[in-house]
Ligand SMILES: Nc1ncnc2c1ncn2[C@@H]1O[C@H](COP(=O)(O)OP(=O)(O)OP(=O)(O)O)[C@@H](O)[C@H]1O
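Only one chain is shown below, in structure tokens, and it's the form predicted on its own.
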């Protein structure tokens, strides 16, 4: 059995990260067997190297090796591509066609982006994994195949299963052994090695001197998150090799090729307890509605007090006084009577003196606040009574009633509908 360093040289794998070495060790150990393997990792980390290693070290190495990108095949034709079809099975099927599982009999099939397979195709794949049987599209004859399946995905398979996008039984059949390839940001010591390798390759390809990074540029290179992993690093090395005249790359030059290089490198929380969050949001909304209702009632009380002291019509004053008694009880009416008595004791000819006896604005609002503390159990009944009285006085005109009550017409309409007035 070949060791890890020999495999790296044979397949051009660069890096000494312990996680990468462990992934390669697992691939070497599982290769002589026929068990299914699932390779996981982010896009661009180089997952396609693992199935090649497994196939080359297995007893199937002299048979066919077929790599299939499941995400690149349209859903309507993927069954035909994988399992084949009979002549006339669908429009355009002018002849019988063998699928990949039939062609690769005795060899290895690499299913890249297996998480993109339709659910109907997943059922067919599960049958092959369990007993090696499959049906061509448009055929009723069961066929047998002896293939080893190595799959790869960049998706979180557990989340895909929860969302109903991937079959749980198929996941456990595919992932008998799971090999995870670490992202480039977790292999900081390997980043500069890879960059130098790519720079050397492109200097030979384009017949140009090799680019070299300054010390500060190397630090910037290692601190960057590399969301596109090795594929992105290779592209950056190629761009700099072709576009820059200077072969010495400064941090400023490198920064211009790194998108969002100034973003924070701190980890971000991507999962939350959604049920707890939803409950908290509902509670906050309920509190807000209650506080808004309380504020509306306070505004109505203050407005009623102002109308009581400012309206000169005797009839309106009597109506207001009756309404105040219903809302505030005897305290409000006694306060009104005290004010009226104080005015009557003054000389009727001097209107200026009458104004001086009127309670100051601060006292009026203080009175409303005291009532708010004492009356808390029947706010809804009082609000309904006040709205009814205002609508009667304004002959059902909501706009005028809303203006009198000091609330918006929309709020008034909502309360009318809420209380079925």
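Here the structure is a predicted model, which means the values were calculated and not measured. Residue numbers count along the first chain shown, from 1. Take the two forms, superpose them, and find the largest set of C-alpha atoms that agree within 1.5 Å; that set is the rigid core.
Heads up, the form predicted together with the named molecule isn't pictured, but that's what we're talking about next.
For the chain shown alone, residue 202 is not a contact residue for the named molecule in the model of the complex, no non-hydrogen atom being within 4.5 angstroms. At the 4.5 Å threshold, heavy atoms of residue 43 reach the named molecule in the model of the complex.
Although the partner is absent here, residue 13 is a contact residue: one of its heavy atoms lies within 4.5 angstroms of the named molecule in the model of the complex. Remark: residue 55 does not count among the residues lining the named molecule in the model of the complex, judged by a heavy atom distance of 4.5 Å or less. Three-residue candidate spot 48, 154 and 398; every residue lies within 4.5 angstroms of the named molecule in the model of the complex by at least one non-hydrogen atom. Residue in contact with the named molecule in the model of the complex (any heavy atom within 4.5 Å), chosen from 137, 170, 194, 293: 194.
231 is the sole member of 127, 188, 231, 162 with a non-hydrogen atom lying within 4.5 angstroms of the named molecule in the model of the complex. With the named molecule omitted here, the record of contacts in the model of the complex names 194 to 202 of 194 to 202, 143 to 151, 72 to 80, 86 to 94, defined by a heavy atom within 4.5 Å. Once you line up the core between the shown form and the other one, the Cα of residue 413 ends up 2 Å or more from where it was.
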